[in-house]
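Just the one chain here, the form predicted on its own, laid out as structure tokens.
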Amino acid sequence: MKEIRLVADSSADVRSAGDHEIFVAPLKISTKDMSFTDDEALDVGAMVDHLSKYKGRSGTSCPNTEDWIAAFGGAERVIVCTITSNLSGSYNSACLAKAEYEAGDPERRVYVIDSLSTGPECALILRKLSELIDEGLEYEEIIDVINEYKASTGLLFMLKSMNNLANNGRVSHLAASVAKVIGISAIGKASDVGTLEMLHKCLGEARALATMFSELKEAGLRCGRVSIAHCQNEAAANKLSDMILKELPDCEVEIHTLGGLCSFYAERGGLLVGFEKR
């Protein structure tokens, strides 16, 4: 069986899954006077601090085809996971790279997964892929199984600011105005088509976390994996983890920090939660 290489853009915020390395094509965050590459060298905290004080325009750019092909690394079997195509050009860029890469060698195969999500949900997909490889499934079998698995995962978010989302056209300025009120957090989810769907506005972090937990249960969380990622808000991540494990002790919860791209959009205090539905 040919070795399978796992590749993702940097929105997944992981560099390994199980015993498998994740090869990453980085996105970029830029302002008028600075550019940040979302790779292992990025000081995410310094970037967030800089952006919180910056008043000009900022934006992001996806990996180009050369970035993707470099991440493919000459492997004959590649599986790629990208941020949702409805919020980024990363998926389309990966598909262009796939076409060019396969044209150069008829033995090469690349499968590109549009996660319809980002961050911790992508991390769950990559972890599942690593397990399927370890189980010895063939390349085509893995693709079939992961598409079924992807339908059983979800993403919720809690945001205290949506300025960067609004300024880059990811949500309306009207929706973003909710989070400009001091003490208000917006709760939402990744929709079935990979857009951001707002669900609640909550006064106070405690209420926001309780609402998020309620939404997790409503979405089907029972005993699966939960990946909580935060932007400079570990305390909130731990509180949500405690809520989950107290009522749903069979869940497997992990907590980690967001990388550059997801921190840019989640902003300081934000949480993203990927989970398995049961």
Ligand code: X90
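Computed from a predicted model, the values in this text were never measured in an experiment. Counting begins at 1, following the sequence as shown.
Beyond what is shown, the protein has a form predicted together with the ligand; the following relates to that form.
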property	result
Residue (of Arg207, Arg109, Lys150, Arg170) lying close to the ligand in the predicted complex, criterion heavy atoms within 4.5 Å	Arg170
Sole residue of Ser61, Gln232, Asn238, Thr31 within 4.5 Å of the ligand in the predicted complex, by heavy atom	Ser61
Heavy atom of Leu126 within 4.5 Å of the ligand in the predicted complex	no
Heavy atom of Cys122 within 4.5 Å of the ligand in the predicted complex	no
Distance check, Ala12 to the ligand in the predicted complex, heavy atom within 4.5 Å	no
Touches the ligand in the predicted complex: Ile142 (any heavy atom, 4.5 Å)	no
In the predicted complex, segment of 157 to 165, 101 to 109, 67 to 75, 126 to 134 with a heavy atom within 4.5 Å of the ligand	157 to 165
Residues from 242 to 264 in contact with the ligand (non-hydrogen atom within 4.5 Å) in the predicted complex	Leu261, Cys262
